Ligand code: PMP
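Just one chain is shown here, as structure tokens, and it is the form predicted on its own.
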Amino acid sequence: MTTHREPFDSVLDTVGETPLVRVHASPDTVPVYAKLESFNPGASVKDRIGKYMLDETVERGEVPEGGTVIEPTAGNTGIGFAVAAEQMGLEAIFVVPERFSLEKQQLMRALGAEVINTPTEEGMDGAIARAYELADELDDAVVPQQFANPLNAQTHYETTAPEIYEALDGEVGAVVAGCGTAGTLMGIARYARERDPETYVAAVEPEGSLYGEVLGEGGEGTEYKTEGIGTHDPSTNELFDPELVDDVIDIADRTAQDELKRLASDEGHLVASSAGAASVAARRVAEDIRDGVIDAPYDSVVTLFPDSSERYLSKGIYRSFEEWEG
């Protein structure tokens, strides 16, 4: 649980120590617990890598004082980096595919960053390419590159995972989390497997994403509405380590949206589609542990709710499935 009971010098001091809360729809005998990452100052899990990765980048001398951070992002990473960059005296530029949440882009600009859009059809590959082009044009720029930088996963190994294990006294049976860059799941999974090699680990992706290909599971890449997780090109998601993953669980957009609505109306969680997908997947794993289908070292499942639904209201996330804009 959050332990912020004293005044801090900087907003960066409030990153992390987010609450771990029971998902009430999970089985009584195998509870699911969700880490509520909207409690971070930038309201998402990406605040963690913003602080940790930029701290390390500055310490290593990879960017000079007053230099520029350029990052391809769907939005939350940009917000997390923007919060940290301003406090560290760095400039920030973010390259964002057009289709992603306008709220996120507005918040990045409000935090003092420049936002450059790339065509939707080019996906994250196009945003990554453009980020490196921009960096080449500047003398003082660095691209932390969340999709390939080991510091992404290390952030969660050093911060998120220990918080989870402390809250549950080390009794974690399964870790189930959405995969975008895969940094969150990989960091927690590595920490978990070091403590008990039998810990069950599942990656969550939208139907239409291709993470399953890495584990040899078939699938056809199609468009999906769920934002922030999934990939159409696993080769760009260099952090994903199949040796740390027991299964990849595909969740349909409609199922994710139904669950995010249920989480709001039944449990008071204002979370987005990636959390809806994670909740459904985590509950399935919990039911399989309860029924003896999955053998886990403890009767508990941990997942993450990465951000808040407020970032997606303009896309109709609470309206009908047909009205929800992906």
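Owing to the predicted nature of the structure, the values given are computational and were not obtained by experimental measurement. When you see a residue number, it is the position in the sequence shown, counting from 1.
From this point on, the text means the form predicted together with the ligand, which you will not see here.
Site annotation in the model of the complex: the residue of 80, 183, 72, 206 reaching within 4.5 Å of the ligand with a heavy atom is 183. Contact here is defined as any heavy atom lying within 4.5 Å of the ligand in the model of the complex, and by that definition not a single one of 173, 199 and 246 is a contact residue.
Of the candidate stretches 228 to 236, 160 to 168, 134 to 142, 251 to 259, only 228 to 236 has residues with heavy atoms within 4.5 Å of the ligand in the model of the complex. Residue contact with the ligand in the model of the complex: residue 51 places no heavy atom within 4.5 Å of it.
None of the heavy atoms of residue 189 is located within 4.5 Å of the ligand in the model of the complex.
In the model of the complex, at least one heavy atom of residue 76 sits within 4.5 Å of the ligand.
Proximity of residue 108 to the ligand in the model of the complex: non-hydrogen atoms within 4.5 Å are absent; the residue sits far from the partner. Within 4.5 angstroms of the ligand in the model of the complex, the stretch 282 to 318 places a non-hydrogen atom from each of 306, 307, 312, taken in sequence order.
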